[in-house]
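Given next, in structure tokens, is a single chain: the form predicted alone.
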């Protein structure tokens, strides 16, 4: 559920340019099958940031059926590369079909298994890391992903406002909410990060590595 007022959220979505046939089909299927995807507003945000920093190497932590993968791969361009990760073989197989249909399969590597383990196994620095793993893992993502960013690179994280549950007193937190709260605190306190939380959809954190 969006944190925005329903009418305002509807307005933002209706204002977006139409997506192509592949993304439109994936949006419809995600809604029908209740598959969590970032949606078109956040997809455009990811693509815009990737283009702004000239991202060529991108790592996704949690990619589901490859919706955000396509946005990022198109933004990275023909010389870019995106590493997709998901713990589900079924999701990965579906994502492979989707990136092929979208025409970006040649710039996407599909990795199956624990996202952070796959990050550890992949050499090199990244221009952008997108974090959308299970929420209890968010603090660990921060500790392990930031050293893998180049200076000036971005760690972009979805769901950091968590359907408004962060408004409740911390004593009422469940494990997921507590982990997101701690992740946000760590991002803002990190001496090597410049962080902003954007209240779009379910909240998107953008953290730039300073040094």
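Residue numbers count along the first chain shown, from 1. Since we're looking at a predicted model, the values are computed, not measured.
Another form exists, predicted in complex with a small molecule; not displayed. Remarks below refer to it.
Residue contact with the small molecule in the model of the complex: residue 134 places a heavy atom within 4.5 Å of it. The closest non-hydrogen atom of residue 161 lies beyond 4.5 Å of the small molecule in the model of the complex. In the model of the complex, the small molecule lies farther than 4.5 Å from every heavy atom of residue 124. At a distance threshold of 4.5 angstroms between non-hydrogen atoms, residue 68 is in contact with the small molecule in the model of the complex. Of the candidate stretches 149-157, 47-55, 164-172, 31-39, only 31-39 has residues with heavy atoms within 4.5 Å of the small molecule in the model of the complex.
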